[in-house]
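Form predicted on its own, single chain, as structure tokens, below.
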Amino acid sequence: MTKLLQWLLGVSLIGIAWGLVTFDLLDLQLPAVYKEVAWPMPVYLLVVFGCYSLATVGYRVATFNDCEEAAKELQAQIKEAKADLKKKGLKM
């Protein structure tokens, strides 16, 4: 099962549970408090997902590994390309 299918399954299960509680489709006769809490739940979940995403991206950026060897190699390739372009008559 791919990650996309896992997410779609989870979201659909939460959506079905939300619809059952909010619209009382199974005639469960739940207290009104449950409906009042369930009605704005998608907005709360969206905010929580946004906070989680922001925290994950921030963590990944903070712990990003530097590749010093690759940086040196790239600098050497840039110098080589500049020298090659100067030979061909391009002025920088």
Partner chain sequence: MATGADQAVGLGLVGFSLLLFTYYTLWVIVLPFVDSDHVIHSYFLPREYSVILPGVAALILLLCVGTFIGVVTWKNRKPKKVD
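Everything quoted here is computed from the prediction, not taken from an experiment. Residue numbers count along the first chain shown, from 1. Take the two forms, superpose them, and find the largest set of C-alpha atoms that agree within 1.5 Å; that set is the rigid core.
What follows is about the form predicted in complex with the partner chain, which we do not show.
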item	value
Close approach of T63 to the partner chain in the predicted bound form, 4.5 Å, heavy atom	yes
Contact flag, E68 vs the partner chain in the predicted bound form, heavy atom cut 4.5 Å	yes
Exercise: C51 in contact with the partner chain in the predicted bound form, heavy atom 4.5 Å	yes
Contact flag, D27 vs the partner chain in the predicted bound form, heavy atom cut 4.5 Å	no
Contact set, 30 to 48 vs the partner chain in the predicted bound form - heavy atom within 4.5 angstroms	V33, E36, V37, W39, P40, M41, V43, Y44, V47, V48
After fitting the core, S53 CA displacement of 2 Å or more between the shown form and the other one	yes
Displaced residue check between the shown form and the other one: A62, CA, 2 Å or over, core reference	yes
